[in-house]
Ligand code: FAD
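Just the one chain here, laid out as structure tokens, in the form predicted on its own.
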């Protein structure tokens, strides 16, 4: 078996799905290869926060890109619903980044000033303001940064909407097919070797999340990444306890459709073990209760864990490998894969088409990769 495609994408999560969708919209013949189920790893484990302003600082190279990506969601929600029939459950009710100490309050107030100076909307809420906005939050909170445009989606449904929309545009998707190696000739990619045969393409995009490094190592590429486990739990409520997403140091509360609240997430680096620990969940329960005492009266639903890809310097990798023409990599999104998925799809499709973009300079691969192609 040896089929020829305009592009082969390795990884069927939210990033791979977004890239496939954008390439298909440009008329490319695309193959997506996923070694497990589509969106079976970090994409389905994520809480779906779109925390461009809550998570990132204004001087972070990702900040502008993240805000642009966040701004794409309203139009994307409609486009994906029309093409796939899947509702990504976009909620734009804002986010509160809360302060539990006076030191945190001062830091958030400085952050607000910086972001306002950059032309973004953010405001300080006093403890009294918080009680008016979210009456059930703890009285001990010192204040909060209110971010009206940091919303949320269903992470699993977003990933599904991307892949189903891509399929509607002719993308071929193969689950449970593992890529074993790359085919190269004189420093140029020619395809991939898989567990079911070879597939040919002059463009191969690796978007396998935390598992990307394993595949790249087989091809002699040392990419500085490491896995980070994040544990979460969810509860069910018979009445809404909060309306906005609540974000604090070490804990977030994300209210979902159907009376669910997702609580996350622990940060446990350098492990691919997806088992949920008592210690991790106990820590989250303590932090969640401190933020929202009423959560003690909710019904327990479930726990889970996801493995997120982190890089040595905290910035993702986007680009074409410097020693192998046609081999592209998009990984290392860490906690922002859902948020960055729309812009990643567009810009990686641009890159495949040979359209240069200076916005990628901070994320270039040659800042750390060490090729060993023969």
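Please read these numbers as outputs of a predicted model, since none were measured by experiment. Residue numbers count along the first chain shown, from 1.
Unshown form predicted in complex with flavin-adenine dinucleotide; subsequent notes refer to it.
- Only one of 119-127, 106-114, 184-192, 299-307 lies within 4.5 Å of flavin-adenine dinucleotide in the predicted complex by heavy atoms, and it is 299-307.
- For the chain shown alone, residue 10 is a contact residue for flavin-adenine dinucleotide in the predicted complex, at least one non-hydrogen atom being within 4.5 angstroms.
- At the 4.5 Å threshold, heavy atoms of residue 144 stay clear of flavin-adenine dinucleotide in the predicted complex, well away from it.
- Under a 4.5 angstroms non-hydrogen atom cutoff, flavin-adenine dinucleotide in the predicted complex lacks residue 316 among its neighbouring residues.
- The closest non-hydrogen atom of residue 60 lies beyond 4.5 Å of flavin-adenine dinucleotide in the predicted complex.
- 215 is the sole member of 169, 215, 295, 223 with a non-hydrogen atom within 4.5 Å of flavin-adenine dinucleotide in the predicted complex.
- 42 is the sole member of 30, 329, 347, 42 with a non-hydrogen atom within 4.5 Å of flavin-adenine dinucleotide in the predicted complex.
- Contact annotation for 104-122: no residue has a non-hydrogen atom within 4.5 angstroms of flavin-adenine dinucleotide in the predicted complex.
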